[in-house]
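This document opens with one chain alone, in structure tokens, the form predicted alone.
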């Protein structure tokens, strides 16, 4: 089962301006072939379908714990997309009604790359790529063969690294770049973890492929703080009691990759501290949360007080 915490895995800075085309680029990291929906889907179904779990516990625990982290990555990218579509918060943006909508307040939206993000999704994220094509089951590999699945996962993480670097190069807003920086560090952890798992089970030194593509994370400013705090050396169990067995793979004297800050790899019980979820202000003229939401707010306030 999964437990949900009302935080993001990393805190995202507010966007400098509304930039729906940047949000569309970031969608590639959500619903693209190598996006977070794909990493989540692959590891989740591999963990569900894993055979001989107790006899192969270190490998099962590795895939299962990374599954939980990937669910948070889907949440992180989705928030980044919504923030870029929304732009900086406007004080009292929820106040009042939507005004005169006959003046075409969203006329510019017809010319953006993903008009459906506004016309259907109200500026939110959807499981689609940067061109609006739906993410689908064809992006999932779960063969039941441990070596084949681990090798696929390694390939997926290396492809995702390339993916993120390319998207990063299209963005200038701090929100999208922070999403990329965090995911580049954590994705490299997952690639390293799958490389170690393959090394343990086959004897082949897969680590020689890393990093792929060959650019040190220290070259990317948005990665630096996560490297400084040692995020590149940590895997989280995302559980209070389970999945500790993966320390036989990620640990036992294994160390960071040569181009990353040095130190031993460690398994951490639980989850990262994380950061707050950005509070998006409603846009009444787009009927989010509604055209005239005052009554909704009054009802919610009464319910909130009753819950205290």
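Since we're looking at a predicted model, the values are computed, not measured. Positions refer to the first chain, counted from 1.
Omitted from view is the form predicted in complex with a further copy of the same chain, to which the following refers.
By the criterion of a heavy atom within 4.5 Å, residue 145 is counted among the residues contacting a further copy of the same chain in the predicted complex. Interface residue remark: residue 152 is counted as part of the site for a further copy of the same chain in the predicted complex, having a heavy atom within 4.5 Å.
Contact annotation for residue 266: none of its heavy atoms lies within 4.5 Å of a further copy of the same chain in the predicted complex. For the chain shown alone, residue 175 is not a contact residue for a further copy of the same chain in the predicted complex, no non-hydrogen atom being within 4.5 angstroms. Of all the residues from 260-295, those having a non-hydrogen atom no more than 4.5 Å from a further copy of the same chain in the predicted complex are 271, 272, 273, 274, 277, 278, 279, 280, 281, 282, 283, 285, 286, 287, 288, 289, 290, 291, 292.
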